[in-house]
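Only one chain comes next, encoded as structure tokens, the form predicted alone.
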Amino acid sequence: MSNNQKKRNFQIEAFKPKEVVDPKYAEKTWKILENAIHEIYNHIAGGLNLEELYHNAGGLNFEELYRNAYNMVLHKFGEKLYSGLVSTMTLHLKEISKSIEAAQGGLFLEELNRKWTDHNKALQMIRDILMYMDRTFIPSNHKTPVHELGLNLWRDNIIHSSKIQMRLLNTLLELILIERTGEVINRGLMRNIIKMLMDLGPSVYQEDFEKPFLEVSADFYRVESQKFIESCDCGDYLKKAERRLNEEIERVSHYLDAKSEAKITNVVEKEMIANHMLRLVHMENSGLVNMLLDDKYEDLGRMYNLFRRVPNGLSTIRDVMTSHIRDTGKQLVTDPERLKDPVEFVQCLLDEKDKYDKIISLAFNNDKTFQNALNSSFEFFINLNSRSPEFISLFVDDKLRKGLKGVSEEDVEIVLDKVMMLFRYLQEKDVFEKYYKQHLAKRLLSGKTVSDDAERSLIVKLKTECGYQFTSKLEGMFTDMKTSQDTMQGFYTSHGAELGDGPTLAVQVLTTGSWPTQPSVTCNLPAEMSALCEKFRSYYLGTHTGRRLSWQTNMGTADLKATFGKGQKHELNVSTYQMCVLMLFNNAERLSYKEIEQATEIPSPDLKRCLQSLACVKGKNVLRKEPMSKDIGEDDVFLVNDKFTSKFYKVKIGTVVAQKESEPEKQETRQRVEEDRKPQIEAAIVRIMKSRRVLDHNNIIAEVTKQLQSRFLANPGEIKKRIESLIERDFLERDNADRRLYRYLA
């Protein structure tokens, strides 16, 4: 580069006067650009590339067209350029509109789609040419940008054209209807047209398509649901509703706006489910109750999934289910036939619970609200029967005696857990405790429990549920059994030599407070047994000071060796009472009822049951009775049955005894329970008043009920009596001003 050139770079030139623009400059330049726009629109559909189009546009290339547009804006002709663009595009769109209107039948949408694609391409090229105007003139003059302008003009001149607008909507809705009837439509074309409406702005899509689409859909499903409900059963109707719902979701995914999914599914849900909920659940021969009865898990699951989509849907199912469970449960616990067999009664309850647990698990998605409804229903009807606590204890007794023999530990635990589940529903848990203690005592004393582990497992579960106080006495019973084994070992160690070959004795020493209280009934034991019992008494009292022993002969058992008429020998397993009766026949051929009663002094009801089991039970009748009848009379005479035979050497002779309590026994147990409750209610009142100091009557009742509900449902009348008793004993006093207010006296 020469020095002269270098110098010229820094040369300051004199001020030039303003350049005068050719007055026709703007018009000429616009004509070039207008021609270019015409060419773009006219040839865009021909598939020409960019350079070819620009060449057609007056033989100018893209840079020259861009420069012309740039200069027009630079020379303040932006307004002319912008208004010219609007009028030119409008002109072309009006022509395009006529072309679309002229398309017949199925070609209408195809023509619209094709022209829309061309318009977008043209718009892209025009925007590139007018980029400078788009970036400078348009923002500063608050005009609509070129691309958006192109969309708005398309909307106004094509989509909102009087001859296209309704035709387009009707065509789209008709195609959707055709698809709903099972025919195949061109989803790709539909997707493009719907996408066009969405590109033109949310309001265009919503007003021109979505709103009418939802209205038409509502009408369609209203009519269809009515037709289905008249002709289908509940299960089929739900299948059709589910299929329609899935179809609409699929339709949205294929060619509608994703935001439409919630709206269209809402329409289907309202018309096909919400409007027919009650009719569906109560439908004759196929509604919810029938599904529950027939364990139709699939239909129930479908109903749950559909109903959960609508307001109050699940509560409708839950209410009908609850009502049904309560009704069937009420029938079950009040059915006289069911009450004849307590074990069967409880098994029915467990089967019912298993049935609904399975339904809630498989069909109702383990819904907590349904589980709560099931629990409250069971609690409701189990407590309608005052004998439920006794029956549950009898069920446990049956299972732990024989029902769980040969069953794996895991299965034993499952049965025990089910029992605990029923136990939780009981309001009178203390009544269950009373019966359970009686039944456990009999199992332990007769050695009939199937498994000590199972017994202890249930006690641990009860302890976890109700606390130490509930099970302390039950645990004491096990302790006594273990201590008794050690005591007997000690007795035979010290007296074994002098006892020789006489009868052997096994004594269980029971702590009075831990075991169910039994009336101490005397009974004349055979002389050899009586002497042995005295020896044990002397030994026991010699090793334990300050204790008293009273024999509970009504709870014992004995093994006797017997020889019958033809010399056949058997070992008889009998109760202590039965032993006393049978031993009399060593010294007599025949004995009358009166003579047996006098000799043994066994209470009359027990003696009659004892003789009945010895003389009247087929296969176990070691005695004969004259006259022969099922019942024992006071004038009956008894003899040894010389013809007695059995294929077993060991013969167990049970006592004829009612499995359930008799009415007097039931009353007695109830009375004992009521007596045991009194100190618990008083203790609760004192605890509450000690912390609160002053409390009104209603609040005391509520607090006491709440505190004791884990054991029993306290009777307000009994609570009131206990309050009066505490007032008499100066634990509480009434307020002088308000007689319903109580004060604690320290």
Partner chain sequence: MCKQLDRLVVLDLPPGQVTRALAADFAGVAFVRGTQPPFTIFKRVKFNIGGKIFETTATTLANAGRNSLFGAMFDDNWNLQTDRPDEYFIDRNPDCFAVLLDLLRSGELYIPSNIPEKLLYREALFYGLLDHVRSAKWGQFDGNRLGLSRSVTGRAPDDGTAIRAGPDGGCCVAHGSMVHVYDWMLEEHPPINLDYQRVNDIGWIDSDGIVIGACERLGRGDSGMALFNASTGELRHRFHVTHENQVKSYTAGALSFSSDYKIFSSCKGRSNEYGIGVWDQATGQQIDFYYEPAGWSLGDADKLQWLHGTNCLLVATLFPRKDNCYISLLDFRDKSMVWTWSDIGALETVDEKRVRDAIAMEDTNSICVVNEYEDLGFMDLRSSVGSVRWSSRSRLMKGKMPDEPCYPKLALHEGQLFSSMNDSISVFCGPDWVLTSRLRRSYGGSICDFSIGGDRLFALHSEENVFDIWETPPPPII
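The shown structure was predicted, so the numbers you read here are calculated from the model rather than taken from an experiment. Positions refer to the first chain, counted from 1.
The same protein also has a form predicted in complex with its partner chain, omitted here; what follows describes it.
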| query | finding |
| --- | --- |
| Interface membership of residue 651, its partner chain in the model of the complex, 4.5 Å heavy atom rule | no |
| Contact label in the model of the complex: residue 324 to its partner chain, heavy atom within 4.5 Å | no |
| Partner proximity in the model of the complex: residue 259 to its partner chain, non-hydrogen atom cutoff 4.5 Å | no |
| Touches its partner chain in the model of the complex: residue 65 (any heavy atom, 4.5 Å) | yes |
| In the model of the complex, the one of 690, 721, 43, 31 near its partner chain [non-hydrogen atom within 4.5 angstroms] | 43 |
| Residue among 218, 420, 350, 131 with a heavy atom within 4.5 Å of its partner chain in the model of the complex | 131 |
| Candidate stretches 219 to 227, 607 to 615, 140 to 148, 264 to 272 - the one whose heavy atoms come within 4.5 Å of its partner chain in the model of the complex | 140 to 148 |
| Full three-residue contact with its partner chain in the model of the complex, heavy atom 4.5 Å, for 70, 121 and 124 | yes |
